[in-house]
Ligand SMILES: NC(=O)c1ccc[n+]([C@@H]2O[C@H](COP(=O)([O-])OP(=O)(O)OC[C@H]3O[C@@H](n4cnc5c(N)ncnc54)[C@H](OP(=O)(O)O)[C@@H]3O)[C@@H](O)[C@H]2O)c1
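Have a look below at one chain only, the form predicted alone, in structure tokens format.
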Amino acid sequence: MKTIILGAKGMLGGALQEVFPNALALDRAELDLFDTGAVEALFEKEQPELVINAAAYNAVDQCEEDAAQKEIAFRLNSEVPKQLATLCKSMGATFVHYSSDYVFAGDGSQPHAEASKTGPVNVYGESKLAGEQAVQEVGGQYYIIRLSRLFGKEGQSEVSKRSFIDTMLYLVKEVGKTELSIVDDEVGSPTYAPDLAAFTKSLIEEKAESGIYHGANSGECSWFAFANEAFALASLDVKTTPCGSDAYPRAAKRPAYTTLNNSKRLPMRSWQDALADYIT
């Protein structure tokens, strides 16, 4: 199957290349996704059967405060997926797009299923929800996969962000921190990039029904619990103290509870098992 991976130098893009080794892997240096003519020309030349869009804007606080950044967020997270989905539909290709747990308000206490009511509380979440809606409106053969708290091997792109886990390990191993206060009132489902890539491949190979899927690892945890599990696995001696999210004021409000329930597929392995694989 002729496959194109977009956002190939990000964390998820790198993991996707491991399970789709023969794919044409492109990042921003090879293809400007805002150049609609260039995107159309690429599709015409390559005639892909599968397009996996791992490119995304995820500077949550920047787009909350800056009008120009907000415009970029909506272009990359909504307008670009719409064009890609339209091109895929026109040539009968399958389109894969990734979304976020931030499409939910996070004001409940029960895990969110794929059909749960959405209601983002920040601009980033609004842009991701707009992307979901755009792809659904286009139709065709598509998979929208929501994830949360992505971790794994750091991406190679200059705009790729270090994961929370890698940040915590860096603070202790490299900076020398012996005490850390970590947010304990935001709960979600960690997602290991290689597991998400394998989940993506399974949807395609099994020709699953088009729609929205949750691709996070099983279980839930706060940032505090997530970090402590990583420190224990890495045998690091650090004193951690739980704190509220208000201890770290940020421009964008974060949803408090966004655990993802994968109700449409077999459960993925636990986030603890995935984290153990990553660290050890």
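As the structure is a computational prediction, the values presented were derived from the model and not from experiment. One-based numbering along the sequence shown.
Unshown form predicted together with the ligand; subsequent notes refer to it.
Between the options A56, A230, C221, L42, the residue in contact with the ligand in the predicted bound form by a heavy atom within 4.5 angstroms is A56. Checking L31, L50, A225, I212 against the ligand in the predicted bound form, a heavy atom within 4.5 Å turns up for just one residue: L31.
Although the partner is absent here, Y124 is a contact residue: one of its heavy atoms lies within 4.5 angstroms of the ligand in the predicted bound form. When contacts are judged by a 4.5 Å heavy atom cut-off, V159 counts as touching the ligand in the predicted bound form. Using a 4.5 angstroms limit between non-hydrogen atoms, L147 touches the ligand in the predicted bound form. Within this chain, T200 is remote from the site of the ligand in the predicted bound form, having no heavy atom within 4.5 Å. The three residues L12, D27 and L76 all sit with a heavy atom within 4.5 Å of the ligand in the predicted bound form.
Per the 4.5 Å heavy atom criterion, the ligand in the predicted bound form is contacted by stretch 56-64, the sole one of 250-258, 212-220, 56-64, 233-241.
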